[in-house]
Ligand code: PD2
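Shown next as structure tokens: one chain only, the form predicted alone.
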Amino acid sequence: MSNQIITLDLRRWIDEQTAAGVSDEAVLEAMVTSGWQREVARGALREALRARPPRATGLPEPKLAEGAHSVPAGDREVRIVTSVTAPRVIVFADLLAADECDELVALSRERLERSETVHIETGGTEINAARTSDGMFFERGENPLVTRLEARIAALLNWPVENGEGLQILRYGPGAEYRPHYDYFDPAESGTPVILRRGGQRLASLVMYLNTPPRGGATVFPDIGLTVAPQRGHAVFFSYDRPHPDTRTLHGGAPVLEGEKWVATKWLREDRFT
């Protein structure tokens, strides 16, 4: 089938399938099976996501009292540096203590390997030129430090520990970067159903800085013109109410210009991550 056009009837059919509880991934495969070109089907699905109302409830979010400059996080109060409403972005100060940052670096250093990204067609992982860091994952609850930090994050963001992926540690050397990208899994990609079986869609990200590079290494949000300088113990949180660029959560790690940058990243899923 060539010159396929995304019609109003097709968009209405996609909406009806969604309302009936059919997953976005199943809708995509049904279109391909019935003769739609995969790229056309992906485009139709993305347009449907654009028009879909944002997720109204059920997102990770700290309990911020009106006018408060800090928020409870279980075993400590965490200061608010910056808060953006749309998209939801919050910069926290002193989420991690200096000795906790140092211990995470020490525990992970000998386990680092070249970082990989998700392979969108298979759901596996691959080396990607856009990400030039080294990294490793701690299993959930792997050691007392990780257990304590996971409990703190769960209290801070009001999200169950079991709905979080394992804590990822990343080291960026001189010149290393992570080009702008989204953290959610695109429903229009063929590998997404495999990924979602482990805990559903990603809803939020928390990037924690384990050191302060002499120069460079900022976290950038190009769509909103926000730059977050990495400072040891601080963190940047952002959530996304649907897997679509309209969330304006495009972000990246700017190149490290001097020294190295260490971060710990926690991704939060819809359901229990396995």
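Start at 1 with the first residue shown and count on from there. What you see is a predicted model; the values in this text were computed from it and never measured.
The next section is about a form of this same protein that is not shown, the form predicted in complex with the named molecule.
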Given that the named molecule is left out here, which of 94, 100, 189, 183 has a heavy atom within 4.5 Å of it in the predicted complex? 183
With a 4.5 Å heavy atom cut-off to the named molecule in the predicted complex, the contacting stretch among 189-197, 74-82, 103-111, 169-177 is 169-177
Does the named molecule come within 4.5 Å of any heavy atom of residue 207 in the predicted complex? yes
Looking in the predicted complex, any heavy atom of residue 252 within 4.5 Å of the named molecule? yes
Heavy atom to heavy atom, is residue 219 within 4.5 Å of the named molecule in the predicted complex? yes
At the 4.5 Å heavy atom threshold, is residue 273 in contact with the named molecule in the predicted complex? no
For 236-274: residues with a non-hydrogen atom within 4.5 angstroms of the named molecule in the predicted complex? 251, 252, 253, 261, 263, 265, 267
